[in-house]
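Alright, here's a single protein chain in two forms, structure 1 and structure 2, each given by itself as structure tokens.
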Structure 1
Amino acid sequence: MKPSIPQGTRDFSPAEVRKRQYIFNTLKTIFETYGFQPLETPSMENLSTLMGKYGDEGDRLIFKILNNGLDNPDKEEKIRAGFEKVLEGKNHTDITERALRYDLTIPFARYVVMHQNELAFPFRRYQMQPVWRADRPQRGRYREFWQCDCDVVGSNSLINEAELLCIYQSAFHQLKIPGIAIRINSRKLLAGLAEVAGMPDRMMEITIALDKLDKIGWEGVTKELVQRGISEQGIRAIEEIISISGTNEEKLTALEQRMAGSEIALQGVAELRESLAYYATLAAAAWQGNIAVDISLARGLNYYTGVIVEVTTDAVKMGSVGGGGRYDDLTGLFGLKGLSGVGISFGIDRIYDVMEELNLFPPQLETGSKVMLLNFGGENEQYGLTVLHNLREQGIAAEMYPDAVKFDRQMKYANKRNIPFVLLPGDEEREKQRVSLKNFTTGEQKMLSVQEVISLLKA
């Protein structure tokens, strides 16, 4: 049979894994520096934990796992009844009761609720694991992809927002990704916008349309708003507000004036202002780009309630490389009320694609063994193994060709593997208790003692 892998999934070659780990390690170091702790949750959750948390569209994209034992004759009637429900588009626990993780935030909320008595709040955790979505794959969009989340729960302070902004800046600075733009907004401003437009209950529809502003332009947004039944007067009010420009402070001041009648909008402005002030104190001067207030930023997830952010790069045509926000009552879904959280997510698969396209990975990531010993067979093989053992004891990454085949072949192998040095333990070397070291870059070769080889390779 012809081997294949499921749609939207990928193998990662040794070189790719090294590069991905470079990203993971960079982020991990930053998270730890900011006092976040690692967490891992299972690949599958109970379906009931996930359903209804991501909107109708989200529910449709959850990978469901078929129950085992569906062929059990004793349960045939129950299973047939359950299957009827499935045919009607509903889930039934007799057919499926588990599903693959759809994101890391809901499992995190579930974990916090289950372990609330053991945790010290505010609880700061980071999590880097794969998630699965039954979406149609496209460029930069997979059915299995890794999320990398960093959240704080149990604190209302906007210092958290500022710190997360710092983490974004620090990460993209260290990964050297150019053209980074961070946009920031508040769900409260969007709610205020709906109020000012005279349609406070239509916030979701307004924001979904508004989110497409940089893609389809104001004209397209207008069309969509009309389609969604927003009044002409409302649309004019929205246009007036989103056309506000200037520095962040100029925008915030203007928003304050234009939306003075909306309590919630004023609250949103105040929160943005405070978050940015904390950020200014914490931020490093070297970080590129600034953070721009953008009232048209929406973010899809329906659990955000406060500040929201999104990170993009204009260096490569690609969707966002990160996003996040504050959600006031996430754990409320699982019965723990009054716990506020705020978090960000890194789209590491997209970050990888961007870095690959721009050639941003350090070249030295590729190296494996530093030295390979040729296998001369017989007594020389024994001698080679002894030398190999000595090298490894000194912490030098080394390997010996396992078969005593033609030297030509062994050399070609080392060359292809990009191993920088080759050792030749042959008759003459063994008799003298020495070894010949060949530098593959220069082609230079010298007969040395094992001790000399070790100090040379360690340097």
Structure 2
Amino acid sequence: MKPSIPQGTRDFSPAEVRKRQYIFNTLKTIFETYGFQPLETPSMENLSTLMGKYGDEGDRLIFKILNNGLDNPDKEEKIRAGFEKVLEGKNHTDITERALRYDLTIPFARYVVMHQNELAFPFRRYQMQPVWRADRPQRGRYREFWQCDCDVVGSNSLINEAELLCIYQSAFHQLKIPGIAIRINSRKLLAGLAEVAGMPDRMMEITIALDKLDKIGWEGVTKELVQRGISEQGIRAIEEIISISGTNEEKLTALEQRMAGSEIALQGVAELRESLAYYATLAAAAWQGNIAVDISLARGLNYYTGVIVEVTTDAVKMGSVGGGGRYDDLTGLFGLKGLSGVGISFGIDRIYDVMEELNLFPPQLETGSKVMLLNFGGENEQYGLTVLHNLREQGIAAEMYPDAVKFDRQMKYANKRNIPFVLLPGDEEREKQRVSLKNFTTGEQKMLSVQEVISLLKA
């Protein structure tokens, strides 16, 4: 059988893993600087934990796990019977009770509720783990991919929104990704948009349609709004509002005027204005122009209730590389009412693809070892192992070719691995208690003491 992997998944080579770790380590350093704490949760959750939290479309993308009844013949027979009913198009609850996590936010809310008596609130956490979605694989979209979240739960302050915006800007600045644009909106404005359209009870239908604006354009959104039962007059009102342009303050002022009859819309405008004011105080001056109020931004997940945000880059044709928002009562889904939170997520796989296409990874990530010792066998092998030990004791990443094979074969191996330095512990070097160091970049070779080699490699 020809080996393969499931569609929508990927293997990562050593070089690719190092590049991904570079992204993770950059983000981890930023999160820690902002006072966030690390957290991990299981790959699988109870199905009841996940279902009903992401909307109808999200629920369909949850990977469900088939129950295992092999330890109980009666249970196994029941599961098989249930599975056959599902194949016939009938619902049956006995065949699955667990699922792979769809995102990191719902498991985080579940964790907070389970450990509420142990946590100090506000609780600031970051989490980097894979998630799974039964989506159609395409460029930048996978069935298994990593998310990287940071959230604050237990605080209503809009300072949190501003800090998360700063984290986005700091991260993409340090990763050197060009063309970053951050769009910001409020689900309260979207609720007000539904009121202005004369259909306050159809906010979710309007949101789901608007969420596709970048993909299908306004004409496509219009068709979907019609299909969802939005009136022609309501569609015109929506178009008029999402077409508002200008600076952020000009947009907010215009929204106040045109949506003056909607109390919830005015709350959304006030929260956006306050979040941007906090951000102006916290952020570097060079970052100020990258954030734009966008009334068409929807973020389709059901649990968002306040400020929402999405990050894109125009340097590569790609979907969003980050997004998030405020959720006022996410923990209420698990019985803990009145605990507001806000969080953002980084799309690690898309960020990786962007950086790879733009060649943004530092070249030194391509190898783990800084130096390789050639193996000349016999006493020279023993001498080489002693030198190898001394290098590692000084914290220098080093390896020795394990077999005493031809010189050319060992040099080709080092070159293919992109190891920058090679040490030659031959007869003369051993007798003089020295080693010859070859620099693969310059081609220069010279004989040095082991201590001189250590000093040079550390420098």
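Just so we're on the same page, residue numbers count up from 1 along structure 1's sequence. Note that this is a predicted model, so its numbers are computed, not measured. For clarity, a rigid core is taken as the largest C-alpha set superposing within 1.5 Å between two forms.
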Identity of the form predicted in complex with the RNA among structures 1 and 2: 1
C-alpha of D11 off by 2 Å or more between structure 1 and structure 2 on rigid core: no
Is_shifted D427 between structure 1 and structure 2 (CA, 2 Å cut-off, rigid core): yes
Large Cα shift (2 Å or above) at W132 between structure 1 and structure 2, core-fitted: no
After superposing on the core, C-alpha shift for Y383 between structure 1 and structure 2 in angstrom: 2.6
